[in-house]
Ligand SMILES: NC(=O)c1ccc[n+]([C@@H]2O[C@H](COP(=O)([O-])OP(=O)(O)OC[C@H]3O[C@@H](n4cnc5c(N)ncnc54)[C@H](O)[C@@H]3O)[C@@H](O)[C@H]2O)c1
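Only one chain comes next, encoded as structure tokens, the form predicted alone.
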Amino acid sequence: MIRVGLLGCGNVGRIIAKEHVGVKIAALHDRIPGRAEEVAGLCGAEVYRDFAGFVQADLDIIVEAASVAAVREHAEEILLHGKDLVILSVGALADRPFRDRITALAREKGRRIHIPSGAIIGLDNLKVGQIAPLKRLLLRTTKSPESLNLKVDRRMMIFSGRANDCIRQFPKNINVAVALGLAAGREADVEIWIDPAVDRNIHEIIAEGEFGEIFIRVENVPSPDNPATSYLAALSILTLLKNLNEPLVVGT
């Protein structure tokens, strides 16, 4: 059975520990040790207070469910210790030199870096853009004003531009845009809207190419214990882990 280490024991880590199927959650590490100890009660995993001990544990794969900063700090060490890596905070890979460095390291060490679908769907389909370049790739995200600490009484667009510009202005809202760009092989255009009438994060993906047109709309239900986190994001990691060793692979 695949042995998994969880780097980050917040809401997503808690869901993974509680609902995992087909894998063993064997080790936990969080910068707040008390959170890891609480999550350990859900899965019986060993808690490592220091990262050095955690990364040397008997693990096949480490799931990052912490932050962009955690990816930047720990990704290379994880790969150097012979572990595969799942990155949820994919916004870290907007840094092209960093992305190239860890990709080259994974190749050198015979390891794999997995990017789950996270809060959206359709990444498999958008990979066709790596073969037949897309003419258009747009991510339109709609959020409640409260989620961005804003107060408005009508729907309005607060950003329109390329993903890299969005990263500078809205660093906490970049994971989806970066994941889309990595899948499609080109930077996404991004629109961010706020709407006092919505109580969910809504992602609309529009892609056009030689194959035709794609339109995907995802309305994310917040996680039960943290409204700022998408339940779909946690489920995407659980599904990825469950299917790692399956002989029948669905999707590209």
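Numbers for residues come from their place in the sequence shown, where the first is 1. Because the structure is a prediction, the values reported are computed rather than measured.
Just so you know, the form predicted together with this ligand exists too; it's not on screen, but the next bit is about it.
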{"query": "Which of 40-48, 181-189, 22-30, 208-216 lines the interface with this ligand in the predicted complex (heavy atom within 4.5 Å)", "finding": "22-30"}
{"query": "Option touching this ligand, based on a heavy atom within 4.5 Å in the predicted complex, out of 194, 66, 61, 57", "finding": "66"}
{"query": "Partner contact for residue 143 in the predicted complex: this ligand, 4.5 angstroms, heavy atom", "finding": "no"}
{"query": "Partner contact for residue 83 in the predicted complex: this ligand, 4.5 angstroms, heavy atom", "finding": "no"}
{"query": "Residue 5 within 4.5 Å of this ligand in the predicted complex, heavy atoms", "finding": "no"}
{"query": "Heavy atom of residue 77 within 4.5 Å of this ligand in the predicted complex", "finding": "no"}
{"query": "Within 4.5 Å of this ligand in the predicted complex: residues from 70-103 (heavy atom criterion)", "finding": "70, 73, 74, 88, 89, 90"}
